[in-house]
Every structure is written in structure tokens, then in C-alpha cells.
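One chain is shown next in C-alpha cells, namely the form predicted alone.
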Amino acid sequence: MPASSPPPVVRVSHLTKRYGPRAVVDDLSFEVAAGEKLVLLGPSGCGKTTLLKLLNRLIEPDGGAVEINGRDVRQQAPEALRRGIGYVIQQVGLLPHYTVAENVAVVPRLLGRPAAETSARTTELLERLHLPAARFAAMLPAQLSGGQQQRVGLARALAADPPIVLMDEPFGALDPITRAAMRRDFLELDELRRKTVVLVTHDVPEAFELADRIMLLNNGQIQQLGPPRELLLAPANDFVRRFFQADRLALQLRVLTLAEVLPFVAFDRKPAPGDAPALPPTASVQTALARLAEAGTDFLRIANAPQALTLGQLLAAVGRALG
């Protein structure tokens, strides 16, 4: 018999939260697998942040249940529950009179971790988040830029090595360049790659960049839950279709692969220069366009393709593939 799949890290059953007559979270049920990156997306007031806070009991539900690793969160003291779940918010919430190192070490110290272990962990995280401890550890939050403060907040959330990290608009207050750098760190940081993450954002391209699955919410209800590609190319209803309309072309370039475009390419016999960038068929069209721009060439090589194709051929094929 095949081995059974491991139980989900997070299981939500019929979760409901009301403010007066309005259900901000309305009978939601879903699961989050170990190591999955689930992004909560939707218009303002749709229930994203409320749902996130229900997961670690910052808000108590009016109905339903949340289980973490098979255990109902109501069976645990809220403080103990939260110490085992990393939490990152847009406002960062660093303690202003603590140094950077002291802010990062808050949770490990509350958990009674040895001082030497906590110090080593703090130094390691600061280094990985491009905040060398020799320079930044003794600084106060007020001495840091917004992006640096956000990196410290992320280091603090990861310091005790929690299996789950909740993130509420973690990059929302940053300028576009810093925000893009933070997203790259998010994707490249080993500590986050192996953790279960539930992240709230209102930024559609950000959701497509970071998510394994997206939960699109409206009026406290799930409109669709699935991989980003599925929501874009197979919307469950008119709301889902309309929600992505403004970003549709850019998102299609992100999810469309070169393998899906190749059948629509009208190849010619023009030879490509030897230094033309090469990509696997699984790469996205967006990645291909970025590589062409970086290389300053109009030619692209694709593994197993009959020959290289030009930028014009690629764009024409994309147009045909998208109908």
C-alpha cells in the first residue's frame, strides 16, 4: 500500500468571525501543507488579516476550529501558541529601546534557550538578511531604514526556528526597490523555504511571485483556492476573473512556460550567436524576456527546440498561444 500523506500543518474547519451582523470570516474550511506558502489575497475588508489573526488567537473565533499540527489552538495558552509561530507585520513592531540583537533574541529568551545558542542564531540570521552583526547588532531601530527594520522583524520571527510563519503585509510599507529586494530574500532564504508560511498581501504580482497556492477572498468567503496559474487561467467565477483583469497580461507572461509557447513558434533558419542565453522549456516567458534584456540580444536558445528563436518570434508565439 502507498504511504499515506502527512497530515496538514494547519487545518481550518468552518471558521467564522462576526462583527455585529456581518461575518468578516464566513464559514471557512481549508488546509495548509507542511512547507507550503499560502497567500491570502483579496480586496480591502475581505477578511485576510482577520483570518491570519484567528490562526494564532490574536482574535478569537465565533465558530469553527483551527488545528496546528493536529491540536486545537484553543487547547493551548495563547502566549505559548504564539511563541511557536513566527509573526511578521507591516509596522514591524520592534521594541524601540532594545538593540537589533536584543529584538531578534526576544522569543528565544522567552523560551529559555541558552544565551550562547541565541547569540549565534541572531548573528546567523542577521548575516543572511544582509545586516552584518558587527555593524547592526548594537544599533537601535530608530537608526535603521524601513527596509532594515523589516529585515530585523523577519529575523525576530525566525529566531526561535518556528515551523509556521504568519506574515501580514510584510513588504507593504516599503519603496518598490526595497520591496523587490525583500521578496528576493524571502524566496532565497533557506529558513523560509522549509517553513509553512501564510502571508497576507494586496499586491497581485507579489502573490503570484511568492505563493504555492493563493486563497482569493471576498466578503469573508473563499472565491477560489489553488495554484496561481489555476486562478488566472481557470477562474472559478466572474469575481476571480475580474479581480485579475488589470494585471492579466503580465501574469500570463509569468505563468506561461516556453514549452507551451514552442508549438506556436514560426522558426526560421537564421543562425543565433553563440552567446545567446539558453533556458529550459520549463522557464516562464517572463524569465525569458528578462534574460534577453540582460544579455542585450534578440536571440534565445531553448533546450530541445529545433533552433534558437528571436524576440519577435517569441512575442508572436505568445500572442498566438494566448489566442
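In this text, all values refer to a predicted model and were calculated from it rather than measured experimentally. The numbering used is simple: start at 1 and walk along the sequence shown.
One more form of this protein should be noted, the form predicted in complex with a small molecule, which is absent from this view; the next part is about it.
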Single option in Gly63, Pro281, Gly45, Gly35 placed near the small molecule in the predicted bound form, where near means a heavy atom within 4.5 Å
Gly45
So the small molecule isn't shown here. In the predicted bound form, which residue out of Leu15, Val10, Leu314, Val24 has a non-hydrogen atom within 4.5 Å of it?
Val24
Given the stretches 46 to 54, 293 to 301, 259 to 267, 64 to 72, which is the single one in contact with the small molecule in the predicted bound form, using a heavy atom cutoff of 4.5 Å?
46 to 54
